[in-house]
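Given next, in C-alpha cells, is a single chain: the form predicted alone.
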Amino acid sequence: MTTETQEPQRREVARPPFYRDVRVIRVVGQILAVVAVVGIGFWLTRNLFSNMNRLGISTSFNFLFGPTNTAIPFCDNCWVIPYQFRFDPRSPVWQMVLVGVKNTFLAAFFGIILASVMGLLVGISRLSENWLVARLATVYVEFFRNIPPLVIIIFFGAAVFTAGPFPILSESWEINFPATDNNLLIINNDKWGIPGFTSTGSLVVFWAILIIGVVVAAYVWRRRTKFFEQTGQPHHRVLWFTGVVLASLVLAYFVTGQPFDMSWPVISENRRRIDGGFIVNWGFMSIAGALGLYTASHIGEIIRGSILAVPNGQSEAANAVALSASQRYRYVVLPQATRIALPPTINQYLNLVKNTSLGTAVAYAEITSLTKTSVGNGRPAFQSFIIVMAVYLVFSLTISLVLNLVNRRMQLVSR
C-alpha cells in the first residue's frame, strides 16, 4: 500500500492596505511626533525672540563680558580659579559664573563624601545585632528621610548657625594646634577658620607633576591587583597607591621650589574678621551638611537592602573560616553588596547635586543663587538660566558617566 504525500498548498495572505499596516503606522507616527516637537519648539523660540526684541532685551551672550557690579557673600577678593583670578564687583559676569560653579562643586563634593560615609555606617548599623545601635540608625533614617531637604537646610542655617549655640564673630572660640600658638580652628556662628595654604609662586609645574604621580599610582594599583590575581598574595594596593601619591606630592613640592606656605587662621585685632587660613562660611556648612545627612538616610536604606540581597551562604562561609564580623563585611559582604547598591546610589548623588540649588535659602553663593541675583540686576534671564541648566547637565552627566564606568567594571562577567 503506497501513501501519497501531498504538499500542503500555501495560502496567499492578502496584505492589508498601507494605512492599516502596523509598521507603516509606527513609522508615520514617529515622524509626526518629531515634526510636532520641532514645530512647537520653533514656534516657542520665534515667539521668545520676538518678545525679547520687542522689549529691547538682547538675545546674545555678550553680557558675560560686562562688569558684575555685584558683591558675592563671603567672597571679598576670593579666588575664582585657584591662584588664577580674584573676584571683585568689577570682574566680568563670566567670572561670577565660575565662582558659582566652584561653590556648587564644593558643596556637592563634600556633601557626597558625607552622604557616602554616613550612609554606609547607617546601613550597616540598621542590621546590627546591638538593639540600641539598630534602633538609633532606624530613628536617623526615619527622621531625615521624611523631612523635606529645604527644611533641613533652613534648620541648619537658622537654628544651628544664625541663632544656634556658636558665639558671634567677636567672641569666637579659638582652638590652638598642640604645643604651638597657631590656631587649628576658629569657630563662630558666621564662619569657621581652618589651616590653609598661600601661594608663593606658580603652581603649573607642581600640578603637572602631581597629576603624573596620580596616573603612576593608578598604574601601580592595577599592577598590584594583577599580582594578587596571579599569586594570591596580599596586594596592599591602597598602601602602594597612597605611597606613590604622597611621594609625588613631596617631589613636586621641592622640585618647584616650595611654591606655597602654610597659612594659619587668626582673628584680626578688631575681632571683626578672620585673616589667613581657609574660611568656611555658614552657608556652605549648612548646605553640605544638610544635604549630606539627608541623602545618607536614603543611601543607608540602599546599603541595608543590598546587604540583605547577598545570599546568606556567603556570610555562613565567612563564619566557617573564622572571619571576624569586620572581616566578613570587608572581604565578603560589602564587595558583593556594592555591586547591587551602586546603580541606585548614583541616583542619590545626582539628586544631591541638583539639590544644591536650594543653597539660596541660606545665602550660599552657588550657581543658581548668583544667577538669580544677576537676572535681578538686569541680565537676560533666558541666556542666564540656559547657562545654569548647562552647568547642572554637565555635572550630572559627568557623575553618571564616571560611576556607570565603575559599575560596569565591578559587574561579574559570566565566562
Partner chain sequence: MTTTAPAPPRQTRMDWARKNLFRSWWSGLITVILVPLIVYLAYLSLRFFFVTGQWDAVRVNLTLFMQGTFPRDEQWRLISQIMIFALAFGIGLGTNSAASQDRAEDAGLDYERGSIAGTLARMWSLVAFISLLLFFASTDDLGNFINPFLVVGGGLVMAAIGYQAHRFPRRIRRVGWLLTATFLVLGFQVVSGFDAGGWLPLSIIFGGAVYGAVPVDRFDSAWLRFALRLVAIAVVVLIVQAVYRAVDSPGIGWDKWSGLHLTLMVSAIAIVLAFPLGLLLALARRSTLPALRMMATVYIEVIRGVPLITLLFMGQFILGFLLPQGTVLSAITRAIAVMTLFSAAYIAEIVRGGLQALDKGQNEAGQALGMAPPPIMRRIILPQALTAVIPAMVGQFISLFKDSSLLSIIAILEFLGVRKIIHAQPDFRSVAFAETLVFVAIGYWAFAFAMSRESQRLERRLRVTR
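Positions refer to the first chain, counted from 1. None of the values given here were measured: they were computed from a predicted structure.
One more form of this protein, predicted together with its partner chain, exists but is not displayed; see below.
Scanning 198, 170, 146, 230 against its partner chain in the model of the complex with a 4.5 Å heavy atom cut-off leaves one residue, 146. The partner is absent here; in the model of the complex, the one residue of 266, 210, 150, 117 having a heavy atom within 4.5 Å of its partner chain is 150. When contacts are judged by a 4.5 Å heavy atom cut-off, residue 65 does not count as touching its partner chain in the model of the complex.
Contact annotation: residue 48 falls within 4.5 Å of its partner chain in the model of the complex, judged by heavy atom distances. Within this chain, residue 294 lines the site of its partner chain in the model of the complex, having a heavy atom no more than 4.5 Å away. With a 4.5 Å cutoff on heavy atoms, residue 131 counts as touching its partner chain in the model of the complex. Residues 372, 375, 381, 382, 385, 388, 389, 392, 393, 396 are the ones in 372 to 409 with at least one heavy atom within 4.5 Å of its partner chain in the model of the complex, listed in sequence order.
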